[in-house]
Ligand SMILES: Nc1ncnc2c1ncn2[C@@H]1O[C@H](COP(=O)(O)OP(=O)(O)O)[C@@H](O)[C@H]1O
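Read the single chain below, which is given as C-alpha cells and is the form predicted alone.
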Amino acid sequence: MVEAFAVASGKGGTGKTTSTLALGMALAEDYDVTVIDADTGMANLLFHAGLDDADVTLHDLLIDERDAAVSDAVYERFGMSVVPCGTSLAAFEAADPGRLRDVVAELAADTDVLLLDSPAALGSKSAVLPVVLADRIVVVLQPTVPSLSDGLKVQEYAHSYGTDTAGVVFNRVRPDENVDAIAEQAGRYFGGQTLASVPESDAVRAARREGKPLLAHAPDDPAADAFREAAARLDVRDGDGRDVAERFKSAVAPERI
C-alpha cells in the first residue's frame, strides 16, 4: 500500500515542517513512512531532523549532471526514511523540478506513506509540483482568517489537479485564540476534517535547536499529543505501490501557476 500526502499551508510560519515530521513519526508507529523535503527553494527539514551535514540531498537527485542514486539521499531517522533537501541557491537554480516525479515514483514503490513537505507559496513549478503529485493534501493553518484564506488558495489549486484534501491541522494555537470559531469556518470550506488543534509550545523551538523532531525531543508535550491525535484521524488509504509509481512517472508537470 502507499498514499502520498502533500503537507501544505499557503504561507510561511505555520509550522509546516514541524507538522510533517511530527505526523511522520506518529504514523511510523503503524506504517512504513518516507518524508521528503520538497521545498527545494527554502528547505529546512534537514535542520529539524539532524541532517544538516547530509552528503547527498534531493538537490543532487534533481540535477542532471550529478550521478546520485535515489537511495543515496535516503536517511533512516527517528523511525522514518527521510529525504532532505539542500540549501544551496546554486543547486536550487540548477535543479529540474520535473525530475521530482521520478524520485517520488521510485520511493513510492517501497513505502506505505509518503509525506511531501511542500513549499509555502505557489509561485513556481517547483512549488506546485508536490501538491499536484500527491493523492491528498494536509493543510496546516494558524487559527486566523488570513491563514484560512491562504490555505483555501492551496486547496483550490490542488483540487484543480485532482488532489483531494485529507484534513486541516490548526498549529501554533495560543490560549487566547478562538480556534473553535475558525475551525467552524474551515469546516464549511475545506475538504476532510479538522485533524487536530496543536497548542503553541516552547518545546518546538527547543526541538529544532537540538536537531530533532518534536516527538523525539518532547514526546509527552501537549503539542506532541495533538500531532498523534492528528495522525490517528488521518485515514491512510490503500494503494498499489507499482500503480502509484507509474502515476507519478506519467504526471504532467503544471505549466500554469
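Each residue number is its position in the shown sequence, starting from 1. Predicted, not measured: the structure shown is a model, and the values here were computed from it.
The same protein has a further form, the form predicted together with this ligand, not shown here; the description that follows concerns it.
Although the partner is absent here, residue 212 is not a contact residue: none of its heavy atoms lies within 4.5 angstroms of this ligand in the model of the complex. Using a 4.5 angstroms threshold between heavy atoms, residue 225 stays clear of this ligand in the model of the complex. Shown alone here, residue 48 lies within 4.5 Å of this ligand in the model of the complex, counting heavy atoms only. When contacts are judged by a 4.5 Å heavy atom cut-off, residue 66 does not count as touching this ligand in the model of the complex. Partner contact region in the model of the complex: 204 to 212, out of 187 to 195, 204 to 212, 28 to 36, 49 to 57, criterion any non-hydrogen atom within 4.5 Å of this ligand. Checked against this ligand in the model of the complex, the candidates 172, 136, 77, 99 yield a single residue with a heavy atom inside 4.5 Å, and that residue is 172. Shown here without this ligand, the chain has 13, 14, 15, 16, 17, 18, 44, 48 in 13 to 48 lying with a heavy atom within 4.5 Å of that partner in the model of the complex.
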